[in-house]
Structures are given as structure tokens and as C-alpha cells.
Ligand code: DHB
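Let's start with one chain on its own, the form predicted alone, as C-alpha cells.
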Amino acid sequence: MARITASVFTSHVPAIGAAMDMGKTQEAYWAPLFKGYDFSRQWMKDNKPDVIFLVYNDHATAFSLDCIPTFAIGTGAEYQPADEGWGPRPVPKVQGHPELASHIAQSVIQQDFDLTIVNKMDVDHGLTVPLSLMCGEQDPKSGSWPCPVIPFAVNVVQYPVPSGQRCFNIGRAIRKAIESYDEDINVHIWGTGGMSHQLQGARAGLINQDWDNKFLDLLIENPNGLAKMPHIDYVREAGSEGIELVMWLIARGAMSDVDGPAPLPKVAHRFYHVPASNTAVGHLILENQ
């Protein structure tokens, strides 16, 4: 059967992608951030998955404000990098895994979660920046990402957005779906977005380092308790865009310790850095034991 062996959590700041695309990763401002992913890139080579299930939020690219699904799973064979106003990022197209994605959709919907099934869409920086951080620069013409990717888009842009508990529970449903897939494959589940940041208003530029690191502690040690945190705490403590962190609870809910006798996952890597643009960057790699 398929199995989830690890979860990856990372911010997906668009300026990180721009720094990579423009060759600025060794500049004084950016070098400390990218150094924090040196371990991760080697880890990806040593622990290459067969499929990545990547949780992210679309930034009004695939879904306009005319139609906003709460949870949308990509079931297509491939996805092109989106043009977000300054041309597509110079990265390879993303290969999908329609068979596993369709199986997950069937299973999760039968567990009473409503999913929007998307057979065709472009993917923006929310998905491509995490791939670049973990896999390094790729030639868009001759290169490719290490494995197929199943995009899972969550609405954290237009209220109402799903609760942390709802996200945690759907992560548990996704784990059951993957484990029931009748093929021996290794799956990673990634939660992306965050950490604390606010892009507008009187608190624009807000970063709360203490709260961010406490969130990381709880994500590792007490995800069931963390899932109960109300929206207002995210907004008050982490800024209006800090709500993206509920997506990390989907990936954490898919880990084996949540519903069984398994021990807490092993922390393979933990990294935190400020600032990247006007955002705090958090990163974790957890391995099932």
C-alpha cells in the first residue's frame, strides 16, 4: 500500500522565487535564508518521494474571486507555471499524478468532505516556490521536478476560510485515502504558506517571532491542541495573512501519530528566519517513525 513517510512545512514567499530566478541567492540579504534550506535539498535527494501531495493557496490565479473553492484537488496530468502579472516563473511544468489524485478525491469525498475536482489549472508561486526551495533551481526546458505533484489548493484568501480543526481533520482523511491506495509508493505531504505577516493596513509588516516559534513547537508536539486555535488568534498574533498557517495543519493531520499508537514524528530539520520581504519564514521536515 501507499504510505506517507514525511511532511514538509515551508513558507512560500513570492520574493523568494524572484530571488532565485534573478540569481540573487548569494546576496547578503538572501544568503542566510537559502542557507537554511541546504540541509533540505540534500534531504530531498536522500529521501526522494514517488509523489508529493502539496497543500498551498492560490493567489487569485487559477481561481478568481468569481469562484472560490474551499478545498480543490488537482487531478490533471500536468500544470503550467502561472503568469502572475510579470510572466510565468522560469521553472519546469509540474507533472501530476491523476491516478492517485482521483483515488484521494474519491476516498476523501466518501469520508464526507467536499472537494472541488480540478482537471486543468495553472499553479502560482504558492506551489512553485516550495518546490524551488526544496529541490533547487531547475532548467524550465531540459529540467524537471523530482517527482509528480498533486496540488491541493485551500482558500485562505477570501473569508470565510476553513478552521484549523477542519484542516486538521481533512489531513487525517487524506492519510486514510493515501494508505488505501493499492500501490507501493512513498508519498510526502507538504503544508505551505505563512508564517506571520500582514500585507496591508496599519499593521502592514507585522512579524511575531515568539508566536511563530511557539506555533512550530505545538505543531510538532501537540497538533491536536493546536487545531483548536480559533481564527482570531491567527489574525491577532500572526497578522491577516498568518491565517495561511491552517494549511500546515492539513499536512500535520496526515502524520501517523495523530490517530494511532505511533510516536511523535522525528524532527529532521527546523529553520526560522526573518525577514524575507516583509514575511517571517518557517520551515520543518518531520519524518514518520
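Throughout, we count residues from 1 along the sequence that is shown. Bear in mind the structure is a predicted one, so any value in this text is a computation, not a measurement.
One more form of this protein should be noted, the form predicted in complex with the ligand, which is absent from this view; the next part is about it.
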Partner absent here, but in the predicted bound form, which of 213-221, 96-104, 196-204, 140-148 has residues with a heavy atom within 4.5 Å of the ligand? 196-204
Indicate whether Val13 is a 4.5 Å heavy atom neighbour of the ligand in the predicted bound form. yes
Can Ser277 be called a contact residue for the ligand in the predicted bound form at 4.5 Å between heavy atoms? yes
Wondering, does His231 line up within 4.5 Å of the ligand in the predicted bound form on heavy atoms? no
Is Arg89 close enough to the ligand in the predicted bound form to count, meaning some heavy atom within 4.5 Å? no
With the ligand taken in the predicted bound form, which residues across 91-127 come within 4.5 angstroms through any non-hydrogen atom? His125
